[in-house]
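This document opens with one chain alone, in structure tokens, the form predicted alone.
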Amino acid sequence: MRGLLLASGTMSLCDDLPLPTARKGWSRVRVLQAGICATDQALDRGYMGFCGVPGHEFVGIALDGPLAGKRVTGEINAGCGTCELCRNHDSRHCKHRTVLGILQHSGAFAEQLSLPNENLVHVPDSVSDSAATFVEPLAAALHIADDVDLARHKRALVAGDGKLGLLCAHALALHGCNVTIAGRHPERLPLLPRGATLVSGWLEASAPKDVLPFDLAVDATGNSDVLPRLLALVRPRGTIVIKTTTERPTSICWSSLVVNEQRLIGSRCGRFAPAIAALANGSVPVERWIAARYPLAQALQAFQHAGTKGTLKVLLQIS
């Protein structure tokens, strides 16, 4: 099988990777297209010490199981299936889980992958292959509404105008929030939801001090320096949602957090159904964010392009 292999800190294109085996309760998927995200790039730099095939944003054709022959995408966390969390349908937090393309589970930058049957979700004809590669990150962005009462957090600040930041801005706008996005790319204003504001300089050490505090701030930067600066931009009893992991630690002023009674929430994966619905009805125009498509044979060039400053989404066409 052809695919990208990350081993000993080196990414290489291989044509002799083992095919996933058919397992009871699991389905093999022929991958059609996959997206390169910031986590994939961090893994390439050594984050989490991952060894295997990376990639977790995908669309493909199920080869086995109840969805055989249909286009699918998939929840990336594969739980053990037997622990209390798994029995309560929360495999995302199973202590023994593997994570597609991230943790002990070969991912989507290869011709085939495998996932538990329950992880796979049918992709309707109204969602293109390219749009379907955004289901996983859009689901994560929409998950903010599961964590926060957005009716009480109308004024929202999104830190970061990259792929995830744009998705979070659209997710919040879909729930009626007034969105400001703090970034470094003014040319991305046309990619924001209608009525949103794009500002610059707010995430720097010299950020303005006279900003009217927000009800909610979402950190979508992946930069550990940003969180301490967000605390000052959120009102007392407001909420800060962390949507990205970082490769290095951060520190914050606990006194400010406690005195202002602010809530700090970690937020990761989300439900796929709302994301697919939003893509199907065109609420989030993700295909406008695609910078390039590369065949699998040019996967290394695709990674290089994805890492170029200012690049949004790069897709790999697998088969």
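Keep in mind the model is a prediction, meaning the values are calculated, not measured. Numbering starts at 1 and follows the sequence shown.
What comes next is about the form predicted in complex with another copy of the chain, which does not appear here.
Participant: Non-hydrogen atoms within 4.5 angstroms of another copy of the chain in the model of the complex: do K154, A182 and L203 all have one?
Facilitator: Per the other structure, none of K154, A182 and L203 touch another copy of the chain.
Participant: Any of the heavy atoms of D129 lying within 4.5 Å of another copy of the chain in the model of the complex?
Facilitator: The answer is no: D129 has no heavy atom within 4.5 Å of another copy of the chain.
Participant: Find out whether any non-hydrogen atom of S114 is located within 4.5 angstroms of another copy of the chain in the model of the complex, and reply yes or no.
Facilitator: Close contact is absent here: in the model of the complex, S114 is far from another copy of the chain, nothing within 4.5 Å, heavy atoms only.
Participant: Given that the partner is absent here, does Q41 sit within 4.5 Å of another copy of the chain in the model of the complex, heavy atoms only?
Facilitator: Although another copy of the chain is absent here, Q41 would stay clear of it in the model of the complex, with no heavy atoms inside 4.5 Å.
Participant: Is L257 near another copy of the chain? Define near as a heavy atom within 4.5 Å, in the model of the complex.
Facilitator: Close contact exists here: in the model of the complex, L257 approaches another copy of the chain to within 4.5 Å, heavy atoms only.
Participant: Where, among 91 to 99, 193 to 201, 116 to 124, 68 to 76, do residues come within 4.5 Å of another copy of the chain in the model of the complex by heavy atom distance?
Facilitator: Only one stretch qualifies here: 91 to 99.
Participant: Considering non-hydrogen atoms and a 4.5 Å limit, which listed residue (A277, C51, I252, A291) is close to another copy of the chain in the model of the complex?
Facilitator: Flagged contact: I252.
Participant: By the heavy atom within 4.5 Å rule, which residue out of L233, I242, L174, C86 makes contact with another copy of the chain in the model of the complex?
Facilitator: By the 4.5 Å criterion, the partner-contacting residue is I242.
Participant: What residues of 257 to 289, in sequence order, lie within 4.5 Å of another copy of the chain in the model of the complex by heavy atom?
Facilitator: L257, V258, V259, N260, E261, Q262, R263, L264, I265, G266, S267, R268, C269, in sequence order.
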